[in-house]
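Only one chain is given next, in structure tokens, and it is the form predicted alone.
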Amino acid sequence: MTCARRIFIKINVIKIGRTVGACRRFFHAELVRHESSGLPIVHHNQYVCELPVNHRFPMAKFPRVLHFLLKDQVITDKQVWAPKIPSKELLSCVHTEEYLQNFINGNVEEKDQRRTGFPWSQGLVRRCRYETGGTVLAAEVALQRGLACSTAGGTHHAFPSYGSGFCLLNDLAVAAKYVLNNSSKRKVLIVDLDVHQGDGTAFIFKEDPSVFTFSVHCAKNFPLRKQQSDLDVSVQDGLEDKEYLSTVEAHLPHLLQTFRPDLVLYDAGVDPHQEDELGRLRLTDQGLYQRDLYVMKTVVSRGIPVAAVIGGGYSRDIDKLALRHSIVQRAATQVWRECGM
């Protein structure tokens, strides 16, 4: 696919920028970059918190994603935007008052901590809030610039009144609600290519026609009880690059044409990778790159802004995992360059 419509894209992005966040002080950002014309990358050093020794969640991956993007000269530090922590009021557009009160103040029962996979701590609360703020900021910047990526995000198992599966705040849902409530935008498409179904996101928007949830996930994987997305595509164990990409290609253009979103939130989970500890598919690094390139170029070439998050990925080799997560920013950089953004 080419970017023959790049002139339209630029005009569209400028138009969007005048209606949403044209004055940069309104961005949900601690740090706003003015110097760089490159792909915006959203990152915060508070994306991490301390966990018990040998905890299963690879928390250290988040700063390493940025490290490798800078080290490999994919980006410069002038492209990095830092989100501010979102208010409780912003989070309440998705989550219940009672849940937020208990989560923020540490009144979390042990059974609820087990369901999330995390022991509660103030650091965990701060980390989750900054991560959610990062996705909100990526959405804001994408509306102005056409494309943006966070180095975290994709916590799609969080429901309005409880967390689950390493997810405590649903960043995708909060970002979608924020855009719809605070701009002239009327429709958001969530493209969820994490290996696990985004059950929390599907539940949140099950009766909301302004948000379309599209999930491609492994059928025999967490969560055991699936919710109903607007479009669920369940694939079988062992699916490889070619078949996986064909599955995405069979649905995405039609959704863009029929639903006609004003913004796409893209969850680029790397847990479909053949070496992922919690996935059951067999994608390669190249397969993930081609997937991300296809999704973002297909959307951007139609003049639709995209905000991408890294989604799930699990390995005890943190550097190898962080490099895998950086694939989406590398693919986005190619889209940015080829589409003249």
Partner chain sequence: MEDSEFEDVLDDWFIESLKTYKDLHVYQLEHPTKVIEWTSEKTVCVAGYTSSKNEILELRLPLKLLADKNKGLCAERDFKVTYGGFTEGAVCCLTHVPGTRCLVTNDGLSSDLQLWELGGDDSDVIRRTGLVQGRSLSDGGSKIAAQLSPSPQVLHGGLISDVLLTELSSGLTVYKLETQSSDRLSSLQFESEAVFLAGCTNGSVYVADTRTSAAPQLLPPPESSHESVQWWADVCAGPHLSCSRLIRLSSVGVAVVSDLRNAGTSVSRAQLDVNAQRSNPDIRVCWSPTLHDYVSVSGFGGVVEIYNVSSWSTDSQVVAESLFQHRGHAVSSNVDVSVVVTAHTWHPERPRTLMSAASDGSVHVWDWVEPHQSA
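Bear in mind that the values here come from a model prediction, so they are computed numbers and not experimental data. Positions refer to the first chain, counted from 1.
Quick note: we don't show the form predicted in complex with the partner chain, though the next part is all about it.
By the criterion of a heavy atom within 4.5 Å, residue 67 is excluded from the residues contacting the partner chain in the predicted complex. Interface membership of residue 250, defined by any non-hydrogen atom within 4.5 Å of the partner chain in the predicted complex, is ruled out. The partner chain in the predicted complex is not approached by residue 297, whose heavy atoms all lie more than 4.5 angstroms from it. The partner chain in the predicted complex comes within 4.5 Å of no heavy atom belonging to residue 302.
Shown without its partner, this chain lists 106, 223, 123, 160 as candidates; in the predicted complex, only 223 has a non-hydrogen atom within 4.5 angstroms of the partner chain. For the residues 183, 102, 144, 116, the 4.5 Å heavy atom test against the partner chain in the predicted complex is passed only by 116. Judged by heavy atoms within 4.5 Å of the partner chain in the predicted complex, the contact stretch among the candidates 258 to 266, 81 to 89, 126 to 134, 164 to 172 is 164 to 172. Residues are counted as partner-facing when one of their heavy atoms sits within 4.5 Å of the partner chain in the predicted complex; in 314 to 334 these are 316, 320, in sequence order.
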